[in-house]
Ligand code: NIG
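Below you will find one chain, with nothing else, as structure tokens; this is the form predicted on its own, and questions on how it binds or moves follow later.
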Amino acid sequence: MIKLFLHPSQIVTVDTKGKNIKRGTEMNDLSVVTGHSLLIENNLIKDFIPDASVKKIFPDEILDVKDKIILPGFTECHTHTAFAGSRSDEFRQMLRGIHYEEIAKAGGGINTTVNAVRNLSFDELVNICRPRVENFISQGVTTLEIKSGYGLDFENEIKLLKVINYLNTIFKIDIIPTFLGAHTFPKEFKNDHKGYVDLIVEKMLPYIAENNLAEFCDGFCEKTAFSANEIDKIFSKAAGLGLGIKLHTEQFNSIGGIDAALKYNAVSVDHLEVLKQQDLGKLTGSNTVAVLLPGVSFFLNYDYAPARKLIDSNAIVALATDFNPGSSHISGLAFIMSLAALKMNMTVEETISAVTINSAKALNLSEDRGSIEIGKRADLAVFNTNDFSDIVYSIGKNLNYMTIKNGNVIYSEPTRLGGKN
């Protein structure tokens, strides 16, 4: 099957010249192609055809994208989409000045959502998650990571991972499951941290690996969650079972998470709002991706991660929503890009690199997606503008017109209401 995307204003290739990442100053080079149409063959990117030569091409299908731009499909590399219940009462507390960590220490926070998840069936959780996944697809997301972490016992962590894997079978995008049993300590293990770590290591991880329920093992290294030593024990088991390693770290406190993650060649370290200068150098030239989550800083009115220092230090930087019910109830990826530009001093070009090729790298998937390079998957997003800057400039507005997965249109903008046919 040969398809031709005809006469786009721009093809924002994010070309990596075969390296499949962009670090440091490379993030500013988007390699924008104009005056060309894009040829897709057998679900792969085949060629860039000069517009003057398209009459010589005889595709099976032509998609007219005049006055629009084509980008690589977005990779959303850090979400907690599989949750239940509301934490709006805690939002009111935060507005009164009560810190997120104080709410967690008082028994709220993550454990509030755990209670809601435990009370719902598999089918109920699937139905809750469906529209959330659809929302990401409507924004141009073609690969979506979803973490567990709101079950915090064997039965409910497995239930969440099975929900995530089932969602991957019913949607046409790739949904990547991550095990986050080490999110916090459940109430029943409040005074027995060793017992819960042992449950993760001795029961949860072996079952998850044996049944291929997750691609990655994640954890939360924080004073109100897991120590670096506890994370090390969990990661040692996970890595031995063949799971990739990711870590929430340096969000509120620096307690050794960076070293624990890098010891196991973590694919990403996420948050980094309080990253220390001495730890910054550990990510310079590293293949571990720094996944930054400005939505959390915005939602909690808290410090932003040092994106400028990381990029200027030649790190690989990605962006994600961290969509969750407690600290970033934000699912708009374009809004995250705008926040990164306005609050973290990232250029428009850097934000685009961060949600495409580098986010794909944060899931070990950048060899076949994340940029528009010949031979890669035709995972694309078409935006209703003629200049890529508008995606970041149009704060809070979804400009995505069409989402393409493996060369197939899986979403197109609904017909606008109010006009006459």
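Just so you know, these numbers come straight off a predicted model, no measurement behind them. Throughout, we count residues from 1 along the sequence that is shown.
Although it is not shown, the form predicted in complex with this ligand is what the next lines describe.
With the partner omitted here, the stretch from 129-137, 209-217, 330-338, 248-256 that lies within 4.5 Å of this ligand by heavy atoms in the predicted complex is 248-256. Not displayed here, this ligand is approached by residue 324 to within 4.5 Å at the level of heavy atoms in the predicted complex. Although the partner is absent here, residue 87 lies within 4.5 Å of this ligand in the predicted complex, judged by heavy atoms. Residue contact with this ligand in the predicted complex: residue 275 places no heavy atom within 4.5 Å of it. Of the heavy atoms in residue 196, none are within 4.5 Å of this ligand in the predicted complex. Though this ligand is absent from this view, in the predicted complex it lies within 4.5 Å of a heavy atom of just one residue from 189, 298, 264, 100, which is 100. Among 110, 176, 260, 310, the residue placing a heavy atom within 4.5 Å of this ligand in the predicted complex is 110. Contact with this ligand in the predicted complex holds for none of 5, 377 and 405, as no heavy atom of theirs lies within 4.5 Å. Scanning 61-92 for heavy atoms within 4.5 Å of this ligand in the predicted complex gives 78, 80, 87 in sequence order.
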